[in-house]
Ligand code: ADP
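This document opens with one chain alone, in structure tokens, the form predicted on its own.
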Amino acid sequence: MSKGQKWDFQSVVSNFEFEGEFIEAKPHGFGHINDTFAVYFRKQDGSTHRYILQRINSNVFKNPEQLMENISGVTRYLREKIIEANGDPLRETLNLIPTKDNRCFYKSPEGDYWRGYIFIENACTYQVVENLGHFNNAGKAFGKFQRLLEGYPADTLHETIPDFHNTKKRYEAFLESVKKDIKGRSAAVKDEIEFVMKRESDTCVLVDLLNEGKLPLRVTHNDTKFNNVMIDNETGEGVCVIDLDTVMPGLSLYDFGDSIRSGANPADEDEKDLSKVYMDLALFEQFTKGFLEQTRDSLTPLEIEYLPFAAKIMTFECGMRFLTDYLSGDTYFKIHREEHNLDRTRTQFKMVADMEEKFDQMKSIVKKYI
């Protein structure tokens, strides 16, 4: 029995304003956190169409109602901005399906939180960047996302995961996982532990600049993996930024850096053969070009200066989080094999080391596009 079959989908979907007669639900996507399904419905004319249905992981997101308040507010704002620009609001942003009692989520009697979205057809996500144009368009999409939300009051958003990109606190959590070593795994990963500890001083750089008021607080996505952009099947354009669970106050640098982390590596995030893992400067350039095309007039000089460092520190932070989860017993990220989080850790650290060697070239590329 698959994981999804334990839920009564007929009962769940009956609480939403979905159109048509429910046919079936199928697992959809590759997300690590939530449970995502494509739900199929038959219209009166006999045709079928689908929506996205997601069960929010309330173990990760401790306050799903605040999370949904964020998403509802941000998507409404984006719709208005897209309409003002004569865009397509049904395709260029996520659109929540209301419940029968006009809420943006449904809480089941079992305590599960569910939400529905319009399915964006003729577009898909990619786990690995397949061509330079795709990544350039992803840069434009994430840059546009930040630009459109520039006027949204960041301080009105809830922190769905407090200190999500507080690398300093992530480092403290890492040290705690090493100290506790609840699974007895630390002895076998001494090299990885040492890799983190050597870079302790990097962990406070962006946090300190924010606290000192030198970097502006913005509405940010905070999880800008390449696979969180829908790419149009025909044009290759970045159509829509998805997975808005971590939209909250943050730094533009977080969004830029995590995009490079996830997209400028030609290999899979969990590639075991580390010879395939590196930071591709051509991909870095294409994303930077697209991102700055949308944001160069709104970013501060200091934000622009720290773009290369942001790529490195977000990659480092993610690797540190994978390692922390591995040492803690794989309780946060979904794993599909033994040592899955350790494989993920090693790809991130290989990327960090490669970025450190190419740092001057990264800086030159940023300067080229400002």
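Keep in mind it's a predicted model, so treat the numbers as computed, not measured. We number the residues from 1 along the sequence you see.
Not pictured, yet referred to below: the form predicted together with ligand ADP.
- Heavy atoms within 4.5 Å of ligand ADP in the predicted bound form are found in one stretch of 227 to 235, 177 to 185, 134 to 142, 285 to 293, which is 227 to 235.
- Interface residue among Ile242, Leu210, Leu148, Val196 relative to ligand ADP in the predicted bound form, by the heavy atom within 4.5 Å criterion: Ile242.
- Here is the short version: of Ile304, Ile52, Leu342, Ile335, the single residue with a heavy atom within 4.5 Å of ligand ADP in the predicted bound form is Ile52.
- Residue contact check for Lys26: none of its heavy atoms lie within 4.5 Å of ligand ADP in the predicted bound form.
- Within this chain, Ile33 lines the site of ligand ADP in the predicted bound form, having a heavy atom no more than 4.5 Å away.
- At a distance threshold of 4.5 angstroms between non-hydrogen atoms, Ile118 is in contact with ligand ADP in the predicted bound form.
- In the predicted bound form, no heavy atom of Val277 sits within 4.5 Å of ligand ADP.
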